[in-house]
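Presented below, as structure tokens, is a lone chain in the form predicted alone.
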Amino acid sequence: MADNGTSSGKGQFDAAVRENRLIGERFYKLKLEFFGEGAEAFEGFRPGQFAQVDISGTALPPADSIPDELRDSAGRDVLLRRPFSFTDVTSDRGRTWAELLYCVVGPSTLRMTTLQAGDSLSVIGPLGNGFWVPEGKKTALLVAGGMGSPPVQCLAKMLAKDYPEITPTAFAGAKRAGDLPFEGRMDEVSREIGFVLKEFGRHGIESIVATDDGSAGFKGLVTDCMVQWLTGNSAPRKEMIIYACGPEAMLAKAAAIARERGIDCQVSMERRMACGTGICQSCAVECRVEGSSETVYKLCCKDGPVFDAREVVFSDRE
């Protein structure tokens, strides 16, 4: 059954913070709960969609806990909402919980570390178009680069739950082991049979780690790791699909690999978003026009963030 990756019903809702915990080097997981109309709207959240979160009223942490490199920027006003995708969305009897992964890199995410259970956040969503599942696919390669992992984790759960005919394999890459945004690895026996990361292993999905410096798993780019896997796999390419989210250079490489091998590929793009709803026009993505040499600009927030990789113009990165 084909799946178009869209959901109906979006709006502005209040979400209650249920948990906010440190899981690694500057990586946190924030668990939110929606009620009423918000619970109904986010029950239909599709992997790859996102939400705009208002951080403006959130306090800074104590001065002595602010990293040195963020001290100058920490005091800046946070005026615009920040876009986040979710690693997991679960609904039960009119209540919906959403898990958000973030890394402390600036004034907004620094403030998020002070959120506690019982706090409230204003959230707009679900926004954009997520990943979709074309008919006839039996093998899915899930490629996450750094903080591109949240929508890929969410997709992994959906594939395991709703598409038993598809066998997914996850590839997670980062510059070094400390930059992998995961809670830890599976035990030695699990790793030996391919279940390396808990976030995928809990869904019965094999995972492969790649780091640029070789501090964990495959030494090199995650796309090179995927090529090595493809070289040793004889599954029909027309029955494969690549889902990728991460730095744009990685997405360009994944798109090129897919094109060269005749594999369908979807990429989740990232742009600076002021509104997240298509009003400000600030998140343009250059796209090809089928059957023409011309290109058009589409909006990452409204037409994406997930695009067919054949559509996107990656300029000199390809």
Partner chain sequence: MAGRVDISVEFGGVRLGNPVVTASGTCGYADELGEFMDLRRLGGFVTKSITARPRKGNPTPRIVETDSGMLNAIGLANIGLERFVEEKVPVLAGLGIPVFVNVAGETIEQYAAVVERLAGEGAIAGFELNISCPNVKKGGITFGTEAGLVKEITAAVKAACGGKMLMVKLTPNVTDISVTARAAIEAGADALSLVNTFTAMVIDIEQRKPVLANRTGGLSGPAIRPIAVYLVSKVYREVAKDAGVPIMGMGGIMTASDAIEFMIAGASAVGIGTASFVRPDCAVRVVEGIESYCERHGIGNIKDLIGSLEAG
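Numbering follows the first chain given and starts at 1. Small disclaimer: the values here were computed from a predicted structure and weren't measured.
Quick note: we don't show the form predicted together with the partner chain, though the next part is all about it.
Trainee: Is there a heavy atom of residue 284 lying 4.5 Å or less from a heavy atom of the partner chain in the model of the complex?
Mentor: Answer yes; at least one heavy atom of residue 284 falls within 4.5 Å of the partner chain in the model of the complex.
Trainee: With a cut-off of 4.5 Å between heavy atoms, is residue 259 one of the residues that contacts the partner chain in the model of the complex?
Mentor: Heavy-atom contact with the partner chain at 4.5 Å: absent for residue 259.
Trainee: At 4.5 Å between heavy atoms, is residue 263 in contact with the partner chain in the model of the complex?
Mentor: No - in the model of the complex, heavy atoms of residue 263 and the partner chain never come within 4.5 Å of each other.
Trainee: Taking heavy atoms only, is residue 157 within 4.5 angstroms of the partner chain in the model of the complex?
Mentor: No, residue 157 sits far enough from the partner chain in the model of the complex that none of its heavy atoms falls within 4.5 Å.
Trainee: Taking the partner chain in the model of the complex as the reference, which of 165, 135, 92, 77 has a non-hydrogen atom within 4.5 Å?
Mentor: The option sitting close enough to the partner is 77.
Trainee: Counting any heavy atom within 4.5 Å as contact, can you tell me which stretch out of 221 to 229, 201 to 209, 77 to 85, 171 to 179 lines the partner chain in the model of the complex?
Mentor: Correct option: 77 to 85.
Trainee: What residues in 214 to 235 sit within 4.5 Å of the partner chain in the model of the complex, counting heavy atoms only?
Mentor: Sequence-ordered list is empty.
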